[in-house]
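Heads up, the chain below is alone and in the form predicted on its own; it's given as structure tokens.
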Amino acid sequence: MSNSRTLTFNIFRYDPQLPGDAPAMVQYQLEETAGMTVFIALNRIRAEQDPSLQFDFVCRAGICGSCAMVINGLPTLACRTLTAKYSDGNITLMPLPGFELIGDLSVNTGKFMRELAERLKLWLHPAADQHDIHLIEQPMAPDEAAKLYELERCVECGVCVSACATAQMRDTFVGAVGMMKIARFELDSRDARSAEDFYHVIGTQDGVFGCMTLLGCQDNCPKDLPHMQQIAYLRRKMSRTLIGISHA
């Protein structure tokens, strides 16, 4: 970048823990530098202009998912968003909708993910004869391991939840992140749960049958995960399971 330019940031500010505080958009200006990301800009604003600005980050490498926010209307990761992509130099930052607000751009995705994990029982359920810790674990086929690895790349950033129209209308909807994790265990040969067990978890309007297939999760996922592929897979699986239950 040969010529520096001035960026204008319009940032949502509100601290629900501060008595009398009210939501507002506050404007900041900053000189752009080569390779600047929104994450870098926010750190500079906090260091140079306003130390009270709240936002989250850990890795700044697109791995932890902490810095997810709505940037110019689209949910994404601040650490992977270059300011250079906004030609007019105007950048509006909002917190992710659908989550409890901590303050400014910081939301409590951790609380949401924990409650989701407890609700859907998102952990491996081995068969009764696999609980002996002294047994040698059976090797996994490379194809199966590759499929599980693909689904394990989810960083729980919450972008897919905020980009989902169904999740914004109904807070009981498990969202793409929940179904992605269910698909991970459904594909795992070590998990003893049956298709019928999974049906009782996600075979409802709050699960696979509530998805409106608007592709918000697929289009905005910063890790390019195959959300719709897995949702379609689970929907077919749950439909066949429902037919089997009704004929039983």
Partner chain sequence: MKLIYTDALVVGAGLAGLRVAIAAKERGLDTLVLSLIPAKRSHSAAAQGGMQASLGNTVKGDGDNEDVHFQDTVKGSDWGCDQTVARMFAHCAPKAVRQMANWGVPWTRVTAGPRQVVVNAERITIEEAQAAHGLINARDFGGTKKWRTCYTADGTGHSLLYAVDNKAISLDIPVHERMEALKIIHDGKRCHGVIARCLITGELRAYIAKSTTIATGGYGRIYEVSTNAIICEGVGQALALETGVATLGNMEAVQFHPTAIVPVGILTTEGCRGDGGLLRDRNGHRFMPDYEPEKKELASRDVVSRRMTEHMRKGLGVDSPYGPHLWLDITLLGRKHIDTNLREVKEICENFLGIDPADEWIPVRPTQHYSMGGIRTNPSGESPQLSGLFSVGEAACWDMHGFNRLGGNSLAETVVGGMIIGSYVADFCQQNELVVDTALVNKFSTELQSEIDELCQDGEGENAFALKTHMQRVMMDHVGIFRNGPELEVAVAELKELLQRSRNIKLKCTKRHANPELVEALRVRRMIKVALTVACGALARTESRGAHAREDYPQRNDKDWLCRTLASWPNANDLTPILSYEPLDVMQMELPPGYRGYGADNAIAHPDTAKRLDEIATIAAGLGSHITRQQLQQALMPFELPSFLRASNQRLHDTLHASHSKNTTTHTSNVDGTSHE
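Numbering follows the first chain given and starts at 1. Because the structure is predicted, anything quoted here is derived from the model rather than measured.
Separately, the form predicted together with its partner chain exists; it is not shown, and the next lines address it.
- Its partner chain in the predicted bound form comes within 4.5 Å of no heavy atom belonging to residue 27.
- Under a 4.5 angstroms non-hydrogen atom cutoff, its partner chain in the predicted bound form lacks residue 186 among its neighbouring residues.
- Taking the partner from the other structure, its partner chain in the predicted bound form has a heavy atom within 4.5 Å of a heavy atom of residue 18.
- In the predicted bound form, its partner chain sits within 4.5 Å of a heavy atom of residue 126.
- Contacts between 143 to 171 and its partner chain, taken as any heavy atom within 4.5 Å in the predicted bound form, involve 145, 148, 149, 150, 152, 153, 154, 155, 156, 157.
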